[in-house]
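So this first bit is one chain, no partners, the form predicted alone, shown in structure tokens.
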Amino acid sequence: MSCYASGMLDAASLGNPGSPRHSAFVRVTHWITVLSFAALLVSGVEILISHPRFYWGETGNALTPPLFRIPIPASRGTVPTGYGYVLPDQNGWSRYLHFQSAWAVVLTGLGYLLYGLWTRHFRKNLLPAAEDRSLRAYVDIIAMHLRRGPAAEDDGRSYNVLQRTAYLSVIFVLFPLVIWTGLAMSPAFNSAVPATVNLLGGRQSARTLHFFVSVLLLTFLLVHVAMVALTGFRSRMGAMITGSVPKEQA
């Protein structure tokens, strides 16, 4: 899941080039999120392999027609896949790791949310400026990247409108959705607040939506890592580890 913390930027750092690029709190929550997301990704793939078929509605199993399926072998012999063999079943430990990592992300995310609200980080550093809230602003940034043009002078210490939009989407749309759909698959959660599950169309619908939201988060992560590599992997990793930005980029 997720790498939203990479977008965390200490509010004070923008206005003062001598201050750390990222606060200690931001760096710690970022790396906790990185480790947790890696565990969620590995364990999520193992869970997916146990039943690579998706349904819509409240019920779905190996005997009902799927909405779609992932064309891979399964780790359970009762799941029809078209392959003549069954993969080793790693469903036990992967579910434990998935749940534990999910709670680590949730608690870290709550801490980051409180931090962002308390410091007004979201409004100051992630909400696009009024003059950038236009289609032209997005087109200009995309065109600049396509031309591989030089970065703006303050790119090392701020975010452009595309980055801000992506980070806000991850923090306030994708993460809440992946948590909601994940909880909706739990029978206990379904019993406690069935309306929130019914709103998604049922537990199997929640599982299908959880898969698609996870794919979007993974896509964000891959693009984010690629952009870090293209714009200066060493300096940006150093800023996220030590908080400092090289003088030539400050």
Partner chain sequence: MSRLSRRKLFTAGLSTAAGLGGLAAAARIADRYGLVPPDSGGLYGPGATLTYAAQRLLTTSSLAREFPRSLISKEPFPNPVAPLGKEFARLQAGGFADWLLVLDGMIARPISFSLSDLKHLPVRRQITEVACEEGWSYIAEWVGTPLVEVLNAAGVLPQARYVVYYSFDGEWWDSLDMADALHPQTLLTWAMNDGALPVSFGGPLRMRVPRQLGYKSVKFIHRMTVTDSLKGFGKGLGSASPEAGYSWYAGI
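The structure presented is a predicted model; accordingly, all values stated were derived computationally and were not measured. Positions refer to the first chain, counted from 1.
Just so you know, the form predicted in complex with the partner chain exists too; it's not on screen, but the next bit is about it.
- Contact here is defined as any heavy atom lying within 4.5 Å of the partner chain in the predicted complex, and by that definition not a single one of Arg27, Ile141 and Arg164 is a contact residue.
- Between the options Ser158, Ser169, Gln100, Ser134, the residue in contact with the partner chain in the predicted complex by a heavy atom within 4.5 angstroms is Gln100.
- Contact annotation: Leu222 falls outside 4.5 Å of the partner chain in the predicted complex, judged by heavy atom distances.
- Interface membership of Thr119, defined by any non-hydrogen atom within 4.5 Å of the partner chain in the predicted complex, is ruled out.
- Within 4.5 Å of any heavy atom of the partner chain in the predicted complex lies no heavy atom of Trp31.
- By the criterion of a heavy atom within 4.5 Å, Ile47 is counted among the residues contacting the partner chain in the predicted complex.
- Comment: 91 to 99 is the region of 91 to 99, 171 to 179, 108 to 116, 123 to 131 lying near the partner chain in the predicted complex, near meaning a non-hydrogen atom within 4.5 Å.
- Taking a 4.5 Å heavy atom cutoff to the partner chain in the predicted complex, the contacting residues in 182 to 200 are Ser186, Pro187, Ala188, Phe189, Asn190, Ser191, Ala192, Pro194, Val197, Asn198.
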